[in-house]
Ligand code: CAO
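The chain that follows stands alone, in the form predicted on its own, written as structure tokens.
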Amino acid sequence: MTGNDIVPPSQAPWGQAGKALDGVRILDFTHVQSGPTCTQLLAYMGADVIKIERPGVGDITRGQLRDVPGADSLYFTMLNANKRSITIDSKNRKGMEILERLVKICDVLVENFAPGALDRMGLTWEHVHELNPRMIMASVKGFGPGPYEDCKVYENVAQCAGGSASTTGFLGGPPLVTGAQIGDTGTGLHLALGIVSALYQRNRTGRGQRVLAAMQDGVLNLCRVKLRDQQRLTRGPLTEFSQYGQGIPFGVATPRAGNDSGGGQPGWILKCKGWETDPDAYIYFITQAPVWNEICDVIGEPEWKTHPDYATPNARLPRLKQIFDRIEQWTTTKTKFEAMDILNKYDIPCGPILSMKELAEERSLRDTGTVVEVDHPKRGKYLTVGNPIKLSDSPCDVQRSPLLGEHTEEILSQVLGYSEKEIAEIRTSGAITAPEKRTAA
């Protein structure tokens, strides 16, 4: 096999036949979280994801928050499953030659560098499209076109700029960011949808295109109900917010709503038995109108079913705090799981506050592949989140994350078709090795 013999994706040894994205090849220039979230999901769906990393360094998260000396961190392993790693120095002439050859045979290039970084590397949209007119070039950026498009953005910045922080927290308190990674992971999920859509369109047009997912846009999309409430606020108070019943005036912007439900059915987080010592002994309880009678019976207030102050949803809105205080008197006599068992018998919407420890140990999540135990050669066994999207004809087998440069020579030979002699020359050129290991410039 010579350097001109390229193995088509359909014949590639990596992956498993029958996956949804079998035959799709991803050139993965992503790092940290937003981009790797996207490419890992595509890998779960069967794409051959080739992760490009700098020799001797790799993705910065390999060493961040490290809990096992000498091993890749969980930060890295949980975002890079089912991928292959190749180390390439893009500043090396031979390294750039390898990158350009990968561009020619891949379907999608994904990156989440700071604005302009890929252009400075020499992989402009024009150059990439010249090398491969079918290439889809997908990017995560902090902001879309506008005054902030050149700004660097991280998770919490995106939450603040996208409207989440201003609407999270308790009334009168400071804005809060959420523990859910809606800026990074949320945007990665949006980008994955854009990539799959672009691949589908390419089947008709034969052309690649650019795909952009801005973190501000992604967060705002996830906060759309708050934009809904902003518009409703111009026409009067938001009556489903608990502050309405407490007589607290509304300002000009959608307020922080504590644990109020984001929909038309009032809800709140209530204490359960053991809350004094267990920080997660709580339940989310929704006073859904169709089961109001059942709620009254369960908590021991049957007269509320006909009382004019409680019988209708509109009558209850000014009294939500009083109502939830009374419900909490009942929930504090039950553990969150006991309360769940009772409430579910009557179809009363509720949910326990589950800790990460409880989720890690939940048997049903293991059975569905949502939580997966993976064995790593350096750190041993660890838990990761499997594919959150289940396809009946495309099962997902989660494979551990790659070691730095683990598949470099495999990709050079089996994907790019380099001969053993050519690989030896590449090795000595410094294109794929860390500086201290290089023997020639």
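Note that residue numbering follows the sequence shown and begins at 1. Quick caveat, the model's predicted, so the values are computed rather than measured.
FYI, the form predicted together with this ligand isn't displayed, but the following is about it.
A single residue from the set 387, 401, 33, 408 has any heavy atom within 4.5 angstroms of this ligand in the predicted complex; that residue is 33. Think of it this way: in the predicted complex, this ligand has a heavy atom of just one of 153, 339, 108, 123 within 4.5 Å, and the residue is 153. Listed stretches are 194 to 202, 125 to 133, 302 to 310, 109 to 117; the contact stretch with this ligand in the predicted complex is 109 to 117, by a heavy atom cutoff of 4.5 Å. A residue is said to contact a partner when one of its heavy atoms sits within 4.5 Å of a partner heavy atom; residue 54 meets this definition for this ligand in the predicted complex.
Not displayed here, this ligand is kept clear of residue 44 by more than 4.5 Å at the level of heavy atoms in the predicted complex. Mapping the unseen interface onto this chain, residue 138 falls outside it, with no heavy atom inside 4.5 Å of this ligand in the predicted complex. None of the heavy atoms of residue 72 is located within 4.5 Å of this ligand in the predicted complex. Contacts with this ligand in the predicted complex, taken as any heavy atom within 4.5 Å, map within 82 to 96 to 88, 89, 90, 91.
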